[in-house]
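A lone chain, given as structure tokens: the form predicted on its own.
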């Protein structure tokens, strides 16, 4: 358990929070931290371990959100079914984009993923007969476990915590498994990995497809929690950047890093928006400037990510 104690502390505090915190705003912030952390961890499977940096992961997130919303509003089906449908569709989309672009490296793969998210944005915002177009889809609230209808925020904390633990364990498995070491070799030097007999193209496609399915599951949970799906939000490039930033700031290729990055980003964003957003029309957006400067400072002075800093601190102690 020596290597797991930081995660035990982080997830343990999250599990105990509903017993001591009654403020709905703080619990909502915790739920969002867990969801965004899980999404950054899903991005980390492809971007951190396999080196397949994507800025279009919102495509898979949006597929999961729309699958649950459409099945619930049009056919009155369970969001659990929508979760599975979204995961299958995202896996297929991940296989396609991974196969078609597996020869692309660096910025070219990034552009391919951005193009996918923007194509889905156009389809979702223009197909009014099926997706309600740019107006979005309100997700009906139906109480019960089968319909994922929980008004109690403490319940959503444990749902988000369960998803976070699953992603954490998947990443820990990659860190110690043969497949994970092969992905790391591909990330560091794909040509050298191929010369050693590693099937780099197949593994990269698998990593993208698996990451896409996990992001889709998070999209379904987010849609059920928020209760509304907006195409310009769920397919936005800004959202994809948020997933990537959470992993990069927390530490790419680490199991706990995405959750630490999500905690920092969500906390800073919430605090700065509440503090500076209403101080005057001439200073609207100043919280974004401060937010950006703080993120630059973290990347500059903690290049290994927050997880690496925690690890080095523990070794020194």
Partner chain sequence: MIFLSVAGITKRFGGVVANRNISFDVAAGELVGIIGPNGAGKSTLFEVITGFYRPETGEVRLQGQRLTGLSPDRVSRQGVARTFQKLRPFQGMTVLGNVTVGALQKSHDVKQARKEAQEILERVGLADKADAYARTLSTGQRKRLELARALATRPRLLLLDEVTGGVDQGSIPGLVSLVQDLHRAGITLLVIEHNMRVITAVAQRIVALYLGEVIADGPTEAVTRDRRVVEAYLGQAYAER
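Numbering follows the first chain given and starts at 1. As the structure is a computational prediction, the values presented were derived from the model and not from experiment.
Although not depicted, the form predicted together with the partner chain is the subject of the following passage.
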Discussion item. Between 161, 93, 184, 114, only one gets a heavy atom within 4.5 angstroms of the partner chain in the predicted complex; which residue is that?
Written reply: 184
Worksheet item: Of these, 193, 110, 237, 226, which has a heavy atom no more than 4.5 Å from the partner chain in the predicted complex?
Response: 193
Worksheet item: Hey, in the predicted complex, is residue 76 touching the partner chain, heavy atoms inside 4.5 Å?
Response: no
Practice prompt. Although the partner chain is absent from this view, report whether residue 197 comes within 4.5 Å of it in the predicted complex, heavy atoms only.
Written response: yes
Discussion item. Using a 4.5 angstroms cut-off on non-hydrogen atoms, would residue 177 count as touching the partner chain in the predicted complex?
Written reply: yes
Discussion item. Taking the partner chain as it sits in the predicted complex, is residue 188 in contact with it (heavy atom to heavy atom, 4.5 Å or less)?
Written reply: yes
Worksheet item: Exactly one stretch in 129 to 137, 211 to 219, 198 to 206, 76 to 84 has heavy atoms within 4.5 Å of the partner chain in the predicted complex; which is it?
Response: 198 to 206
